[in-house]
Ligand SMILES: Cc1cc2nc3c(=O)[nH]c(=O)nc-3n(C[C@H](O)[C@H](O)[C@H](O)COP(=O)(O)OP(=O)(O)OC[C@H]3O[C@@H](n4cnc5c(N)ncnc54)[C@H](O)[C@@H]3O)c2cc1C
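Next up: a single chain in structure tokens, the form predicted on its own.
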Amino acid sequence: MAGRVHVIGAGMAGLAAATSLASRGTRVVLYEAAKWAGGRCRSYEDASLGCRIDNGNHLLLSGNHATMAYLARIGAADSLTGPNRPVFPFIDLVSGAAWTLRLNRGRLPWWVLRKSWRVPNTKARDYLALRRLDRARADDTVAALLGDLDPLYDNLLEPLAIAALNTKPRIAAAAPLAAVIAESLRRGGRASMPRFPKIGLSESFVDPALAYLRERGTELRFGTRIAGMTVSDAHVTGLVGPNMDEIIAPDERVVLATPPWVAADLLAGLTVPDAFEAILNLHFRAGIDAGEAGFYGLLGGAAEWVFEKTEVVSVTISAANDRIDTDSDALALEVWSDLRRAFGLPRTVPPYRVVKEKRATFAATPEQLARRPDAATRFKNLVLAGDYTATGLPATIEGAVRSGETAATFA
């Protein structure tokens, strides 16, 4: 039997790698510096709100095939929910207009022929311009390539780009947006069905994975930080931490599934993205009409995406480097004002929690994309995993899962 595989990091990339390896009968040791798994994709009990919340909001699409396969593997395929049609509702906070983008299920996009299904004030021929993405060069930005397509750009492409890339379109690379659209809109409504957890991120992506690993004998080492690695003759020979010293046998392998800055500390000379974008998430102890989708895109305000959850209304602001230092109380008041306008809520701000992720993703600029490393490293028994690696996708759950699957194949 082949030796063990040591997976360092229990975020989505690490969990994907570990479960993929375990499914093939590989003996896995999973290390995590924190006392919990999931990384930026997890749920927790918030004492001040008196309920369970997600640390962020993640909207998946049915075309995220690696993520769907991961959920099926760990027995959590039924843990997602969403509308029974490919619909994306929007509310314009400036004009007060509400409209819904509606796709047909097949690949042939006949939905663009129906005025009531399109972005308001657009024509069917406007959508042909999306073909520009097919020839996006490495240095093309979203705004430079698509920014002249008003009102399609302002009302759909810009909010989609910010959500997918977590980077302002004026500096964001167009190529990863092209990859997202190629696997969703270009494949039709069946690949564009919005999906999100019925209960929480941990209940869908983390807890079932840990149960799956335990059932297959995976050794889970939480609270175990890897501070260094010993190497010899192009092989990793040991893992070193404050309270551990693990020898890596000649037939054993290592998957490094940490954030990029940790990977760079552990591997001298490794080039990784080094500019990052923040995401702000606000959770209000309130409720709104879930509508037919369970979420809304908001235009013209601070709030961008709003999710109606069991006990809270959750709001996401992406590409938020320019808002990260805003006082939490002021930010909550501003966002609640947006929600009041959109949904007719009371003036009084309910209890809330503001979650600020300063390094939520790497900045998806052409310069940073050029810094994404491949999975393979100069060490024969070490591979990388993480949404920052060269997956071709932006830093999303789908990108993280694919990186883990790739690493498991190398390992």
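Start at 1 with the first residue shown and count on from there. As the structure is a computational prediction, the values presented were derived from the model and not from experiment.
Separately, the form predicted in complex with this ligand exists; it is not shown, and the next lines address it.
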Worksheet item: Quick one: does Pro366 come within 4.5 Å of this ligand in the model of the complex, counting heavy atoms only?
Response: no
Worksheet item: Using 4.5 Å between non-hydrogen atoms, is Leu59 touching this ligand in the model of the complex?
Response: yes
Worksheet item: Taking heavy atoms and a 4.5 Å cut-off, does Gly39 contact this ligand in the model of the complex?
Response: yes
Worksheet item: Would Arg225 show up as a contact with this ligand in the model of the complex if we use heavy atoms at 4.5 Å?
Response: yes
Worksheet item: Heavy atoms within 4.5 Å of this ligand in the model of the complex: which of the stretches 171 to 179, 295 to 303, 278 to 286, 112 to 120 has them?
Response: 278 to 286
Worksheet entry | Option touching this ligand, based on a heavy atom within 4.5 Å in the model of the complex, out of Thr258, Asn155, Ser202, Ser192 | Thr258
Worksheet, complete the sentence: Of the residues spanning 358 to 392, the ones with some heavy atom within 4.5 Å of this ligand in the model of the complex are Ala360, Thr361, Gly386, Asp387
